[in-house]
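Quick setup: the structure tokens below cover two forms of a single protein chain, split into structure 1 and structure 2.
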Structure 1
């Protein structure tokens, strides 16, 4: 009887802790999404409303079309708390998506080939080279920010997609190679031997046998590369000067740093920025879970 009560108390306690954790993580995101569909007057009222009394999509309409929301007009005059930077969010998020997708694709191509080589091929200096690649990822980002900037400036690539892609590849490829090499090492080498017996060369064994088996690990590596590039702020701030290449984090920080910016428009910018990662997580959820759990088991 005491054991049953103890188990029930333990179960209730764990569920309560899980609920608190979910509220702590999801609560701010829900608040931002709710704030994005409120007028500023309603958003700043006291006490605040958890559920909007008069929800509106005028804030989103302004971001995409430039039509001024009625909530920002007072006696025919435009209020100062309208942020022009918010109009740049769609273009900035497009830039983020292009850069992050490019980095993800290159990570998969180069990372898979390099990881396959480190995992299943034996050559002199293999361990040293793998440790060197992983060690390069452990350098503080600020320690290489200025040298990277000088290199990009010398190459004449400032304010371009290419500059961001090259920098993000340098930041993400070491982890992708290390992660995928550990994942490939857990695959029985008999699969590769069978592919060679069937007439496949090394590249064909990789593309036709290893990659389909390692798909969950590849998805996990792709998601890491995408999210690291999509969310990166420091180099995007250093290397871009115009909306031709500025990414979402740069524009969102610009809006949030404006003391006259509307809280509703800041919420719109954040909400729009959250949509691509959420879609990616939902679509790849099954493979992400399997890939990450398998990698932990392998280690």
Structure 2
């Protein structure tokens, strides 16, 4: 009886803690979503309106169709908080998504193969190569920005997806390899031995046995590669020059840096930018907690 009450209290307090965390995490984002359907004047009140009195989709309409919200129109004047760049958001988010997804896939494929090798194979130069890969990230990005530009320019890749994909791979691979190799080596060795005894070669052992067990780790690495690429800014702004390759962060920051910036439009940009990762989060959620336990039941 006593234990039941104890359980109860524990469950309630844990749920309460989770609720506080959820509020802390999504609070700012909910505010952005709310702001995106308000007029600017509502937002500048003292205190601002938390529940919109007069919600409107005009801001979204402008982004997708170019129709200027009635609140902004001034006879003959195209001024007033309409940052025209807002209309580039859908295209920029598409660019972001393509780049981030490519990085995620390539990173997972070549990264997990390499990580597996580092985790369980012994070969000459292993330590040196691993240190080289990990050490490549030591120099702060501002010091390498100009050389990166020279490399991309030499390759003729300025203003392309490939330039961003290559750089994001170089930025994310060291860390995902480190994480994955450490993760793989945490998997009990009997699994792999069993695979070898069954006649698998190293590569097959990786794909057939290790990967299913390591799914949570792979998902974490995938999320890392996607997010790091989806929100990278320094190189994106530096190496892209037009909407052919400009990504979401570049466009959002250029809207925000515009003297005509309206918080409503910035909010629209941010809200739209959250949709692709939200979908990813919903897809990935299932795999995050399906690791060893399920594999054990398989056995």
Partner chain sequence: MAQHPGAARRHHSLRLGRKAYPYLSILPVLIVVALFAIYPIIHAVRMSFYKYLLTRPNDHPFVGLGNFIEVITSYYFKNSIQVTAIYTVAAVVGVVIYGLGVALLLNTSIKLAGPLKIVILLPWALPAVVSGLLWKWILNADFGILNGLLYALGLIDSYIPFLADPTLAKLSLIMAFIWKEGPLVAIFFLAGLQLIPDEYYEAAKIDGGSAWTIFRHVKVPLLRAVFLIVIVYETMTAILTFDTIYVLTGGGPADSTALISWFAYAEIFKGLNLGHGIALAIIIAAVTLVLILVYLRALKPEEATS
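Numbering follows the first chain given and starts at 1. Quantities reported herein were computed from a predicted structural model and do not represent experimental measurements. Take the two forms, superpose them, and find the largest set of C-alpha atoms that agree within 1.5 Å; that set is the rigid core.
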Practice problem: Please match the form predicted in complex with the partner chain to structure 1 or structure 2. | Solution: 2
Self-check item: residue 40 C-alpha moves between structures 1 and 2 by 2 Å or more, core aligned
Solution: yes
Practice problem: Provide the displacement, in Å, of the CA of residue 24 between structures 1 and 2, taking the core as the superposition reference. | Solution: 5.0
Quiz item: If you line up the core, how far does the Cα of residue 9 move between structures 1 and 2, in Å?
Solution: 13.9
